[in-house]
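Only one chain is included here, represented as structure tokens and corresponding to the form predicted on its own.
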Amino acid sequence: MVDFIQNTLDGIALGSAYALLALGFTLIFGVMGRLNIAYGPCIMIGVFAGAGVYSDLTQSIVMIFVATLAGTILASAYVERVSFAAIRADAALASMVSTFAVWMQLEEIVAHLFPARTYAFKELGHLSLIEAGPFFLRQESLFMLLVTLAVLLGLALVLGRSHFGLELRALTDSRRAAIISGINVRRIIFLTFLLAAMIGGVAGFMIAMSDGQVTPKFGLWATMKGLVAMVIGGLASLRGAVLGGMLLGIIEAQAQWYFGASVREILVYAILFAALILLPRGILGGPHTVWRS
């Protein structure tokens, strides 16, 4: 039982980063009804920008964070202009295929600019463990969890108490009614992409800082983790995204402890397939899921 509880604590810390990745996917999917599979590669651009600043310019954690955030936002803005703004609203499949093409572009850019493939990233530091009886928690894990909670609180305030949040919620309820009421749909969609990019940039920064390195595989990894968490928790549900991320982290921690790293990935995708069959709309999904719930 001690091992199970300890693994659960570790999984919650890891799942907090997965939750942020799932939130980015959910924001875009909830507003547009389209899937942006280039979301992970956009975060990859950000973390490589941070790694470049760290290796060539400064060790300032603030500057590295700014570079990571800026890289993610710029890449996401490019995806929105090319794969969404330039394609008709009713051509969801064309948008998804386009984001895959942009994914390949972004990976090639990273491959040319960072030929060494693996680069060091600023680590939070060697912090002591927080002990409570037989259980312990790494301080960097606690840091990730607290940052995630702060992002969730900020997102709740933006969506619930700002004019932008009101317009965004109106757009998700009815695109046609939003247009008739005078809402600038293109502007809201673009700002939603930037909001998702900021959340993804924070997630990428925390994950890269925890690992201490980045590789071009980061884009694929972030995409798969975010999508799996979103599908498990509930399509178009923000609460589902958080729940899915936490569950994914706990499942991975338990599976790695009891079965090993190789079985961990197999089990995660087996659970994904089971969820698609038994709960195709996710745990918190439903016939008429309200994405912001």
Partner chain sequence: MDVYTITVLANIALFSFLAISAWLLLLVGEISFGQQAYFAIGAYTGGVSTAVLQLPFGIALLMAIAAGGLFAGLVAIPAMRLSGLHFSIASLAFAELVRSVLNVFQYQRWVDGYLTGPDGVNGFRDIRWIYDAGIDPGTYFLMILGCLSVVMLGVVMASYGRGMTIVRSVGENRRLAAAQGMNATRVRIITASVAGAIAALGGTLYAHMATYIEPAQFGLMIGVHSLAYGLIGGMGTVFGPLLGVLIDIGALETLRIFSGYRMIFFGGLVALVLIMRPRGILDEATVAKVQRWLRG
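Quantities reported herein were computed from a predicted structural model and do not represent experimental measurements. Positions refer to the first chain, counted from 1.
The same protein also has a form predicted in complex with the partner chain, omitted here; what follows describes it.
Screening 142, 77, 104, 120 for any heavy atom within 4.5 Å of the partner chain in the model of the complex leaves a single hit, 104. With the partner omitted here, the residue from 194, 146, 96, 156 that has a non-hydrogen atom within 4.5 angstroms of the partner chain in the model of the complex is 96.
For the three marked residues, 13, 66 and 253, no heavy atom of any sits within 4.5 Å of the partner chain in the model of the complex.
The chain is drawn here without the partner chain; in the model of the complex, the stretch among 48 to 56, 66 to 74, 262 to 270, 240 to 248 whose residues come within 4.5 Å of it by any heavy atom is 262 to 270. For residue 82, a non-hydrogen atom is located within 4.5 Å of the partner chain in the model of the complex, even though that partner is not displayed.
Looking at residue 150, you'd find every heavy atom of it more than 4.5 angstroms from the partner chain in the model of the complex. Taking non-hydrogen atoms only, residue 211 never approaches the partner chain to within 4.5 angstroms in the model of the complex. With a 4.5 Å cutoff on heavy atoms, residue 87 counts as touching the partner chain in the model of the complex. For the partner-free chain shown, 220, 224, 227 of 205 to 229 come within 4.5 angstroms of the partner chain in the model of the complex, judged by any non-hydrogen atom.
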